[in-house]
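The form predicted alone is given below as one chain in structure tokens.
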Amino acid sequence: MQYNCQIFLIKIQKCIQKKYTINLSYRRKYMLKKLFIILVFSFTTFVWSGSSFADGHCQGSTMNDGQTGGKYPQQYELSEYESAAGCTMKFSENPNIASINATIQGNKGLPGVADRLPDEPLVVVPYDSVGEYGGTINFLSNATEAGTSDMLSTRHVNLLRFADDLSTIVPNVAKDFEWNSDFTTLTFTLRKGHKWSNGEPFVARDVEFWYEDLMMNPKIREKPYPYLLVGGEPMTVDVIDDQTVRFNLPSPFPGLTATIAWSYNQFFMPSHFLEQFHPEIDSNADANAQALGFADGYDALAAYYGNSGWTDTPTPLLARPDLVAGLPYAAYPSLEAYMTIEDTTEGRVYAANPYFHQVDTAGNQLPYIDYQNERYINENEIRLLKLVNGEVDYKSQSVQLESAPQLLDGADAGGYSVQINPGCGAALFSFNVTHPDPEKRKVYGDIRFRQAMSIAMNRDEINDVAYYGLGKVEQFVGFSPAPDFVPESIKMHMTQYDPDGANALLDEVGLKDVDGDGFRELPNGDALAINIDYATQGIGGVEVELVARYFNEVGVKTTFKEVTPDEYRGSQAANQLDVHVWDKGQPLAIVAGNPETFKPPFGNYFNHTQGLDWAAYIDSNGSEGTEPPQWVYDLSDGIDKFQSYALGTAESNEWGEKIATMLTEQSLLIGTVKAPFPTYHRNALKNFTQFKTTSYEYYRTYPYLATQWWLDE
């Protein structure tokens, strides 16, 4: 039904011949296009009905058969499935697995599939069909560390994940998990017999090693991620036995499971491989690394692990190509569905992990697809052309709603489908309150200036022109979507279009047009010029152009320029941006485990970090950076309080409202329109379900089990 509706709508789109340009006085000519997108959004629904579970055999039931899972949705533990089905599962493997394994540098010959799987593999219920093995799935990214999370999420694993209802947290790498009564102890049971991609045992020490020896080691990671601390204090990790590991928390932190379920940061690392390079663990670490051509142990860790925890760090294949011939592995051993076998400046290739821990309901080891091929293209128009030509199997990241008409128009000929799904967040604008220019810092740090720029925006017009009226005007309140405990007045704070009010506030700040050229000068008389650098990975160009026009109309001279994601992030990390512009969503469950939006610098390398000097001051106890105002400390204390309570309790809601109000009233992260986004997939890609959201939050495809995708060709 969905695809037939899209074909009908494409015919409507073909009637719209005039090229889309921005001219706000001619809005009438976009009404057909707006209607077209509204119809697509309305029709993009997913309906399925299944038959009852076929008891007594292990022939491969699916969600379409009505099979919904055991203790956890869409999955079983092996014994649980066999008991429910009344059968004994026999395991099967990819007939190409030997040749696939031969492409993985350092891997030895393979034992049989039953010996490669854990004693209790995770049984995944496919959406529509038991798949067929083979093929290569094609992805597009922007660059090595830009626009890649689409592809990364398809091979990603962690101890836990969100089910596709985006509310239930279920085991993945872990067999099960359990909290104590006050959320201060979280215990994981691992799978006996689980192996890394090179066949070595995966054990509880690998979790302890990741946290204690990598993430919390200041020589490896200078500052821990906020979500790896509890109220600013570290946890401890205890190995109970090889299959049992326990996190001990200094205070209640029920949101930790949500963090594990969505984060790209995997909560384990292969200690059997990386310990040999760790100078604080192995006395021969430097010698071991030097024997392979590295400068020392930390240099080897940097090449393999990246010393950051970011899962997308280039492998030694790219980082140190001069050493590749002598290295034992191109990439450190992994638990993911795919292993790196090629890494160049043009792209990467991954091979199916022969030791992957999941099987389908017929006992076939997942994943079905042999290889993943990721290519880098930074130019948005070229990426769109390749999508329209059907040269890509799946794409979501960096595809903005303004591209939907072009994609939908080509869907029939290109052999693909486009979903228009809700997003979790919205494009935000945030002024650099710790800008290196002291005069700009004074202005950007003045709440009246930030309020003025917020009410200078005509959000209804942004919604009509950039989002075809499909979005919802809403302020960013630190949670996105905004929970029920956030008052409507806060959700709409400073969202009214009021250029007269904006001009009055700018006058109060001392920004006057001294020379009569129509643009305001800084209070000291110097010219005020704002440049908005943006990347289409984070925001559509139409919205940026509109906002720049609004700023100019209230006398704040503003230009804009499209840059690559790497250029944007480089400028952001160097604290050089005037305005940070990037999509940001923070669902309630995510905020429960990740405090970064409420603590300076109020984001991360991949979105908004407009308080870098405030963060430096706090981290250094005042020896570096700039002292923040008191509200920053109050907000930080507030998020710690919020995270100490279970979601849905009166205390959680009370503190949630407080911190949402504090953050929003500062106009620090200025929201515009919460809009839907496209999700693209080729029709030959099977078991591709309807996404509930197109967004980075919940880690893109991770809830939708991309390991059971297969190619019908």
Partner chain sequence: MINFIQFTLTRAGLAIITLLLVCFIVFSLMELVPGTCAERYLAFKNTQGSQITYEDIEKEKIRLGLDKPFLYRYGKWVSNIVFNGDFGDSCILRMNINELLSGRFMLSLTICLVALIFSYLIAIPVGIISATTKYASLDNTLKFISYLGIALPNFLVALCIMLFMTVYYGDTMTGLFSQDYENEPWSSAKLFDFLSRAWLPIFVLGWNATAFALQTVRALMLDENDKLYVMAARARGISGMSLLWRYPAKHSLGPVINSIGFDLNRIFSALPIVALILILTEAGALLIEALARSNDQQLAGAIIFLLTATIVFVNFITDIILAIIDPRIRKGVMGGG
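Positions refer to the first chain, counted from 1. Quick caveat, the model's predicted, so the values are computed rather than measured.
There is also a form predicted in complex with the partner chain; it is not shown, and the following applies to it.
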544-552, 251-259, 360-368, 387-395: which one contacts the partner chain in the predicted bound form at 4.5 Å, heavy atom to heavy atom?
387-395
Check for me: heavy atom within 4.5 Å of the partner chain in the predicted bound form, for each of Val418, Ile462 and Ile670, yes or no.
no
Only one of Glu439, Asp176, Glu379, Asp412 comes within 4.5 Å of the partner chain in the predicted bound form by heavy atoms, so just point that one out.
Glu379
Single option in Glu596, Glu93, Glu77, Asp164 placed near the partner chain in the predicted bound form, where near means a heavy atom within 4.5 Å:
Glu596
Is Phe139 close enough to the partner chain in the predicted bound form to count, meaning some heavy atom within 4.5 Å?
no
According to a 4.5 angstroms non-hydrogen atom cut-off, is Tyr696 in contact with the partner chain in the predicted bound form?
yes
Check Gly112 for me: does it contact the partner chain in the predicted bound form (non-hydrogen atoms, 4.5 angstroms)?
no
Any chance Tyr264 has a heavy atom within 4.5 Å of the partner chain in the predicted bound form?
yes
Contacts with the partner chain in the predicted bound form - residues in 513-545 whose heavy atoms fall within 4.5 Å:
Gln537
